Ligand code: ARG
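Heads up, the chain below is alone and in the form predicted on its own; it's given as structure tokens.
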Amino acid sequence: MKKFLLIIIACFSFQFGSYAVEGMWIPSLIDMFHSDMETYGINLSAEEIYSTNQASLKDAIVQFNGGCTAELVSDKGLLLTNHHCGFSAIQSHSSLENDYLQHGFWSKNHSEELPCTGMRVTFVKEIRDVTEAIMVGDADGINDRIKAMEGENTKGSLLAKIKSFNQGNQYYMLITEDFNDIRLVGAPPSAIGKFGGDTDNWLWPRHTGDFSVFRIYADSKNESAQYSADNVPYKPIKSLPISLKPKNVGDFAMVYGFPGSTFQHTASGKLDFYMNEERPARIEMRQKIIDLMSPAMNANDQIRIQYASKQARIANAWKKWIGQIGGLKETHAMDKKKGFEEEYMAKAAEKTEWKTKYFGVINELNELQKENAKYEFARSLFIEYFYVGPEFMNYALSFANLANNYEKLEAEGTLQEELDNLMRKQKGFFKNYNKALDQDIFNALTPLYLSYVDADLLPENLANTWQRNGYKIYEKSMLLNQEKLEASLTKFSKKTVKKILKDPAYLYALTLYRAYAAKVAPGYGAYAEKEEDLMKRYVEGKLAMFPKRKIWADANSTLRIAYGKVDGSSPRDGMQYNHYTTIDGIMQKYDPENPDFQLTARFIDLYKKSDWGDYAQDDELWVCFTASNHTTGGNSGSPMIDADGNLMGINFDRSWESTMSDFMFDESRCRNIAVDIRYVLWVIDKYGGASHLIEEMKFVK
């Protein structure tokens, strides 16, 4: 056990540089880095930031619907997050009659707040180090020990989840609580919430009012409950005061949220694979989709509403990957990675114990990658084709249980339940589906998929099958004909099962999925298992051999702290970025002919009046600002918190030069982007006319 404790201590026995801002730190270990936060300017105690004994900042921060972050800003459960985080909810409530995407939405009272089916927020109650308890005994029993400990600590509405950190060298238990009655309170129109669109995405300077407003509801006892008309606004133990104070370069800035995934320990072989094979192929496939989807959305309002959320998700990763590759190449990331690997092996050669265990691990990782790249590549491209591309495939496969287990479902008495589930699914599917557009995407992606993936990993004769029968999927599939499908599910019989089993959409999807399960998944699974073991040993060597290095645990969708300062950047020679943008920049970008830069008449009228209320700084209305915090996906919606614990902005992006930080952080160019909270308030108050929401909040001037 002493060995594992020494490894844990080694993670935090480092010397901070005077400008060190890299890292996403585990809040429960705050005593180990709080003194460095003080050098950056924090005025809060460690207990005020993270505590299980009293209300702290962590209690005002939630994971939003499993993939973003949000923060409480009133004692009535009011939440702020990004517009793009709430986008699917806004889209689901939108129609041609009530186009909240185009016009925005502002509830006037609690009764007008819109329930968001399936949405949840997650509070972190406690983070416990359970490394010693999990690592004791045989390694083969780790999963059993995790399961047992999670079961022992899951009580009532509190859920215990143990997650691996530092590639399996540490384990922490998170005690969490979900709230499931979440309602949409307000959202600006896309002309504000998505201003800049794909053109500005991942870029600076930015002028996007990327925020939306939700509320948590609870039962009469203020406890978690499923949706009910009788539920009332939740009363949190902590909410964030909002700062109206001026901001300046050098001001302390903290991002507190749920970053998704980073890959700082990636070996050179895998980094090369990502940069030169996997990412370029995925970029090309998504480019095909975007090139078809965007003009169709611009030409038809119904398609625009149907595909708004899908297009945003697809384009977000597409542009991020382009910037990521560019940044890694510009900063010579591969040379730096190989340089460290040489240093690692030289260090391992210094001691017999280290040499035996760590010296060869990098070569093993790179050789393993070379031998198994085809499986990882095929898996990535299958995801792009089957789940991101043509929508009929994943949808059609959802009928497999009914088609293959009809008699079992009938015997168990669950047949009607399955039919009801499928009826609901098809209604949701067709609400946001355009068959002609999906067919265009299918025709564009299929030959590209066939050209990329090794033939021995694809279904036999897939190329011939697609060329001969691909058109039948859209012309003859019952599953893609809503009227016929509803009639068959309503009057269900054995004939319905036979129709599904012969349906061209179902057969194509099933053929693809079975080939993947038989030819790709086993190879990838075996490779991933070996890689996991090697990565654990590789990172263990880092922790053991470089105790003074700043080594933080990769992001894994758990609560983390990143801190830095409000700052501009100079990512390239001759380029100097200011640290903030103003509403004047919105008008400079305004272009009624470009869908990414359109504005509403109301916005233009308010701009001309120059009534910034209490939200201006030096007679300017700030829109966005940058800081030197290390962030990634999942940090969207995270609060930007000042030195005194007040909310000063909502994190929503990184600069394009920063997207490389998932693999390698460069403090000279990596900046996170936040929408200024004062602009958020101006939009809510002056544009939305929702002053009743402003009245809920507490302000610091």
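Position 1 is the first residue in the sequence shown; the rest follow in order. Predicted model, so just to flag it, every value in this text is computed and none were measured.
Only in words, not in the display: the form predicted in complex with this ligand, which the text now covers.
Judged by heavy atoms within 4.5 Å of this ligand in the model of the complex, the contact stretch among the candidates 312-320, 575-583, 129-137, 549-557 is 312-320. None of the heavy atoms of D75 is located within 4.5 Å of this ligand in the model of the complex. This ligand is not shown here, but in the model of the complex it comes within 4.5 Å of a heavy atom of D198. Of the heavy atoms in Y395, none are within 4.5 Å of this ligand in the model of the complex. Using a 4.5 Å cutoff between non-hydrogen atoms, K542 does not count as a contact of this ligand in the model of the complex.
Exactly one listed residue, out of R379, R282, K194, K247, brings a non-hydrogen atom to within 4.5 Å of this ligand in the model of the complex: K194. Proximity to this ligand in the model of the complex, taken as a non-hydrogen atom within 4.5 angstroms, holds for one residue of R286, R215, H84, K337, which is H84. Contact residues in stretch 633-666 (any heavy atom within 4.5 Å of this ligand, taken in the model of the complex) are S636, F652, D653.
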